[in-house]
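Presented as structure tokens, the chain that follows is alone, the form predicted alone.
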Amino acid sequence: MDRAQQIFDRLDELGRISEDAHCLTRQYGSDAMRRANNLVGSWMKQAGMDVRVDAIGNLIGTSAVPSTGGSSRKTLLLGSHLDTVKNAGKYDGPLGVVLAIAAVEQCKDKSLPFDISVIGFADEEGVRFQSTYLGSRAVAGSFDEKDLQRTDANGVTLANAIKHFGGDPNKLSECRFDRTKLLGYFEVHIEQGPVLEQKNQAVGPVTAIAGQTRAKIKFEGKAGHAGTTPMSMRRDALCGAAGFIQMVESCARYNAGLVATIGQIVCEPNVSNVIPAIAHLTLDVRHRDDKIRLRACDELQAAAKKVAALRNLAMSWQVVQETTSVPCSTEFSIRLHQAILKHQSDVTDLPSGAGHDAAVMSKICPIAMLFVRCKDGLSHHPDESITVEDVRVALAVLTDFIHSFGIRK
């Protein structure tokens, strides 16, 4: 069997499961996510895995790979996420899950001194409830129960979404993995950047994951008639927001390595002939150095206050998600380098500007990540593209990485 082609075909099939008939979108708790879990769960079963869904909706397959570790054996956890952004590509997240299942199949006849589990996290993107890593935070034991009161755009609470998804918000503590029984966590992901393509390399190891701050910002002024309110008397919330947005871009351009994004804007009352009274913004700030990221956030919050004061607006600032930068395990990275060199002539170390479940899992075990080349570095877009040949290399590298921990005959 050509497992690389099988992975590719499975990703195509999974990519057709969407809550939107016109594009790929799978948000947490949706019927599309349920169908995705069912499909991927069937592949896990075909690989001989015992399959379950935990209290928050994470899909978990436990391998039947022979283990010689006895009652003290540990588990190597492989995986990524199965949810998507809106109008997504089909490889961001699912590649790591489907490829991990194939790796388990590759190892079926090998006796390993540890167990292997594959996990498809239920929510990494945080699209529906504006709070990333819901699935991995439950597994890592860092889930904040206050998040259960978060609401989506339709007013549905996270607690009710969990119930609708077949989970139990009162049993989230049972999702937690015992850190003493984890060997580590390994995640394969598309690069979401152009470096591997420029280097003409199929894969590359991740050195660290950038820290991230997500905030909600609200400017509040006063609505008024667009034709009769003099410019000098206006308290236009959207104009205040526009000025702040320019400051965000300038801040990011001034600080090397910093990226800052205003990804969402909603104004009220959103009527063509009424001065906007309220402007809601989302801010996303990232950097590999937490000190630089936090300093930038402080500067931007001060800038927002200044804009509000100059325009006689009220301003609120709410941090909704914050993760520190995370280095990958040195030991795992050495093993990964050695595995890569068996399949390509050179290795390029890659920092990750995007957040990943691995960042959360680092709180309870060593982590490693492998990036796979994607065309034009494009991600979070329907034109995401990878090749069967690169998938074949990634599978070989993952298999060799697993074997590096010891095969017993």
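Residue numbers run from 1 along the displayed sequence. For clarity, every value in this text was computed on a predicted model and none was experimentally measured.
A second form of this protein, the form predicted in complex with another copy of the chain, is not displayed here; the remarks below concern that form.
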In the predicted bound form, the one of 176, 222, 110, 337 near another copy of the chain [non-hydrogen atom within 4.5 angstroms]: 222
312, 180, 316, 246 - the one with a heavy atom within 4.5 Å of another copy of the chain in the predicted bound form: 246
Heavy atom contact within 4.5 Å of another copy of the chain in the predicted bound form, the stretch among 238 to 246, 76 to 84, 167 to 175, 154 to 162: 238 to 246
Interface membership of residue 191, another copy of the chain in the predicted bound form, 4.5 Å heavy atom rule: yes
Any non-hydrogen atom of residue 184 within 4.5 angstroms of another copy of the chain in the predicted bound form: no
4.5 Å heavy atom contact, residue 89 to another copy of the chain in the predicted bound form: no
In the predicted bound form, residue 353 touching another copy of the chain (heavy atom, 4.5 Å): yes
Contact test, all of 23, 53 and 62, partner another copy of the chain in the predicted bound form, heavy atom 4.5 Å: no
Any residue of 81 to 109 that, in the predicted bound form, places a heavy atom within 4.5 Å of another copy of the chain: none
Cα-Cα trend for residue 271 and residue 152, given that in the predicted bound form the distance shifts by 3 Å or more: farther
Inter-Cα distance between residue 207 and residue 256 in the predicted bound form, nearer or further [3 Å or more]: closer
